[in-house]
Structures are given as C-alpha cells and as structure tokens.
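Just the one chain here, laid out as structure tokens, in the form predicted on its own.
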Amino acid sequence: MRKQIVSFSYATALAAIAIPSYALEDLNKFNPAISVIFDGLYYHDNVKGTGPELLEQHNSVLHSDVHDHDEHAHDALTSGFNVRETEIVMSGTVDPYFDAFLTAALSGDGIELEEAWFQSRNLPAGLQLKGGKFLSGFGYHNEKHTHSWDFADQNLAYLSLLGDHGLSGNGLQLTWLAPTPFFIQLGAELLQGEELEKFGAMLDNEELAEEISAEFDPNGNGEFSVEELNFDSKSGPHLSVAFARFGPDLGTDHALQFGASVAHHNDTQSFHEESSGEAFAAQGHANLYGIQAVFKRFPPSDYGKGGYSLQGEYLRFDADERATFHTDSTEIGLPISFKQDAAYVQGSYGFAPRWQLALRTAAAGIGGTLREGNEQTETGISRQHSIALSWYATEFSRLRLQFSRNDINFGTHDIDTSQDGNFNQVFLQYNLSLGAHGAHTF
C-alpha cells in the first residue's frame, strides 16, 4: 500500500511540473464525468408485436420501394419487457485546448460506439472545431440522444429519411458563433458517410450479389459476381453537411430558434425490386434539406411546472442515380430519380411539479415519387400521432407512459396485418441516470 501511495504522489508531482500554470488542487477539473444511463420499457401493440416492423415497412422511396440490406435491429422491440441500450457516457476537459466526449451503447448484440469526439476550447473569432465520431448538426432533433427525447421512440419523419439512429459519422465539424447580441451560428461538416441507415445508404455489395444470384439468376447459372453490379468505387469522405441557426434575444424566460440545413452524399447505392418481377441496382448522389423552428418557455417555478416547448421540422429528400445493373440488360444506364418529404411537430408542457405531457404528430411519404426513365411511381402518406405522460422523480430518473396511433401506407408490399395499416402502440418506459452527466443542449 505504501508503494502505491508513493507512486501516486510521484506521478502527481510530475504532472505539476509538466503543467506549471495550474495549481495542484485544480487538476481534478480534468477528471472525466462518468455516467451510466439505463433505458428499458414494456411494449404492447394490437398487431401481435409487429408494430415496429410495420413502421419500417411504410411506403417510402428509401425503403418500401428500395430494398434495405443494412441491419440496424440491435434495439428492435418485442412484445413485453425490453432492456434497450444502456449508455456509458464520459466527458470532460482534456487540457486548456480540448474537451472530449464519449458514449457507448451496451446491448445484447455487444458494444456500439455512438460518439467519440474532441472539441476545441480556445480557437479565435468564435470558431470551434469538433473531430471524431459524432451526431451531425443537421436539423434540431438529430443531435439529441434517446434519453433526452420527450418520447420513447423516434418520430416517423426521421425514421423514414434518417433511420432510428439519425445522421452521424466520422469526420470534422467547424462552427462559427457570430459576435452579435442575438444568436447566430453557422456550421459545416465533412463526414465519411459509410454507415447511414436510409439517406446516403451504401449497400453490402457481396450480400447484394448473393441475393441477386439466388433470387433472379440473371446469368442462368446461379452465379453473379460483385463486379457485375458495376458500382464505381469512390473513396471517402462521402457526406458534407452545412447548417445555420438564428435565435433572437427574448430575455431569460423564453427562447426561440430557427434553422436550416443541407446534406449531400456523393455515393448513394440502392436496389429495387419491381412488381413486374424485374430488379435493378443504381448508384448516384442524394441531397437532404431541412428547416426547423423551436420555441421554449423555461419553467417559472421549481421542478418544471409551467415550462413548455414547441418544435417542428420539415425535411425534403431527393436523389439522382443511374441503373448500373438491370435484369433487362437493355435498361442499364437508365436514369433513376427519387424525391420525398417528411415532417413532424411536437410540444410538451409541465402541468405540475415533475409531471410533463407531450403531444406529437408526424408524417412520412409526402410527395414521394420514384421515376425510372419515363415511368413514375408515387408513394402514399403515412401518419403517426403520439401522446406521452412523463414523471420525473428526480433529475436522474424518469417514468413515461406513451400511446401512439399509426396510419401506415404500405404501397404494393404484402404486409400481413388485419388492421390495414392502422394500429396502436403502448410504451411504459423507465430511464435512469447513474453518475454525473452534463447538461443537455438547447
């Protein structure tokens, strides 16, 4: 024991010599804050537990008409009790120049690194640099972790265009905060863009070649190679993002923020199965646009009573691709284009100390069209309405009861449900935070 104490004292002394500008008692400021966030729920629906799958199968140019080869089912819900991702969060100041943040999700499928980034502290002229793996600054809801949501699940608008995990990746972000009496922030990101679920998805070429060989056998011999997909090999980074945010000064009781975002992916890939029995693969580029508005009234009394918020986003997606493979070889090179919109609006109100009521409505498939040469297919609109009642026992624990009513359009997909796309979901969620955890963003 004595040897351990001496070693620690010696290391501390070395640290004090190496960083002479800091007093020894200030070194604890550089210790990371560590927390564990537990998230679980009881789930029930009136379609035999298939509600989450039905939501994924809604008619969309990014899913229902485009075969999805990516697997993101590590937190899929089943009827009854579910322990979802348990988050390990670490954050702190590295030195006078950088902060760092890490969050990893533990689940039955293993450990997934969600974010691991550094951020500058003292760049001049209002600039700030972030690097590593992080949630993109696109939109408003995208940067929020699941434990800070007002609802137990992802809204349908984001689910349709960005997937359950939103827009994230490895790369760099540079933001500029204007020296004005009101809030103006501009940001730009360059991301690898190789792990996206919906917008900007890149296919597993080997898996796709095996499926084409098994289901369509275009060569008549049961063999189909990756090279026959004719995908161009492009090196990253593939995704670029730009955003702007503006907030007038409304005093200390209220806050208002507007924003606009755009994202561009230069190497989207998709696989399409047509009702005629034909199929084709395509490659090209895609854009995603978003506008947002958020208004908040901060609670005038303790424990959240009287506080409320209202937020909404409108998203627009478009993509231009060319068929690189087609079961009808005469149509290779055919231009393919997609477009689709989605939107959500939600609000919350602290009607009593520690009690919050939240309402949300979302729509997907708005104006959705898939154009193949001169032929055009349209998607229908899917809608979701949710209400959530939350009880915040303390700032570290929360219980939530949520009900959602879904009206899902499946297009031409053969979905086995007696509800014809209309079904209900009930969530009873718990969320607990163990340890120190930094404050959430606006």
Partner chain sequence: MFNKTAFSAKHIQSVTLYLGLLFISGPGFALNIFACEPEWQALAHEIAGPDVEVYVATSAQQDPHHVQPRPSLISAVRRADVVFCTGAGLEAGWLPVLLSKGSNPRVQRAPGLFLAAEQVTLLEKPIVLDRADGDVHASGNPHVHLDPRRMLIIAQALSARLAEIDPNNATLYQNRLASFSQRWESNIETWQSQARTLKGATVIVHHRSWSYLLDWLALEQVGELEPKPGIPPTPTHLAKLINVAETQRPYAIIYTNYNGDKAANWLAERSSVCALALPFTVETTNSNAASFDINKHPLDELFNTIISKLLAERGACTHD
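This one's a predicted model, so the numbers in the text were calculated from it and none came from an experiment. Positions refer to the first chain, counted from 1.
Just so you know, the form predicted in complex with the partner chain exists too; it's not on screen, but the next bit is about it.
- Each of L127, F298 and F396 is positioned with at least one heavy atom within 4.5 Å of the partner chain in the predicted complex.
- In the predicted complex, the partner chain lies within 4.5 Å of some heavy atom of Q257.
- Proximity of D249 to the partner chain in the predicted complex: non-hydrogen atoms within 4.5 Å are present.
- By the criterion of a heavy atom within 4.5 Å, F81 is excluded from the residues contacting the partner chain in the predicted complex.
- Contact annotation for H285: none of its heavy atoms lies within 4.5 Å of the partner chain in the predicted complex.
- With the partner removed from view, the residue among M90, L190, A178, L106 that has a non-hydrogen atom within 4.5 Å of the partner chain in the predicted complex turns out to be A178.
- Taking L123, L172, I332, V94 one by one, only a single residue has any non-hydrogen atom within 4.5 Å of the partner chain in the predicted complex, and it is L123.
- From the list 206-214, 273-281, 219-227, 299-307, the contact stretch for the partner chain in the predicted complex under a 4.5 Å heavy atom rule is 299-307.
- Along 421-437, residues G435, A436, H437 each place a heavy atom within 4.5 Å of the partner chain in the predicted complex.
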